[in-house]
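First, one chain by itself in structure tokens, the form predicted alone.
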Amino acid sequence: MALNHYDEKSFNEALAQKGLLLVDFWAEWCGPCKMLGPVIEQLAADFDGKVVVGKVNVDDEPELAQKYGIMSIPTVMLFKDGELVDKKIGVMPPQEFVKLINANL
């Protein structure tokens, strides 16, 4: 499954689904976000069918960024059945995200 790029409507629809949703809040001008991009894409491939993975561009969706208190990017949030269960701020090794996902599967 391809990586989802969410606007507010599609994000809310994804959030309404049961299961895990991993969302990367990012921006085009953000260097660390670009470093994290391939990691998020790999997670989408590795957990296809188990976790829905997507991205929200904070410049395009400032209301979502404000609603979730995004102060620095990249911020990766993990939701389970629509509820926020964890968030990570900044670039981290892929295994950190794998541990986070596996702990909540």
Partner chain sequence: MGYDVIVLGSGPAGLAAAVAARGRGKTALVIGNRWQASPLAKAEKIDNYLGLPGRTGYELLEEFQKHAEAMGVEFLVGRAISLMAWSGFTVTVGADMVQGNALIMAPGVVRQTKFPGEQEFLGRGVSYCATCDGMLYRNKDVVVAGRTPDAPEEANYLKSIGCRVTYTAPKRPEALDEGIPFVAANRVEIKGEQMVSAVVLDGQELPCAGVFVLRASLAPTDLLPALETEGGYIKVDRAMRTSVEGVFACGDCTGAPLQVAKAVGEGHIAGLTACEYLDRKTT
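The structure presented is a predicted model; accordingly, all values stated were derived computationally and were not measured. Positions refer to the first chain, counted from 1.
Below, we refer to the form predicted together with the partner chain, which is not included among the displayed structures.
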message = Does any part of Gly49 reach within 4.5 Å of the partner chain in the predicted complex? Heavy atoms only, please.
response = no
inquiry  = Just checking whether Gly82 would be counted as a contact of the partner chain in the predicted complex - the rule being heavy atoms within 4.5 angstroms.
reply    = no
inquiry  = Quick check on Leu78: any heavy atom within 4.5 Å of the partner chain in the predicted complex?
reply    = no
key: Any non-hydrogen atom of Met35 within 4.5 angstroms of the partner chain in the predicted complex   = yes
query = Are Val39, Gln66 and Ile70 jointly within 4.5 Å of the partner chain in the predicted complex, each by at least one heavy atom?
reply = yes
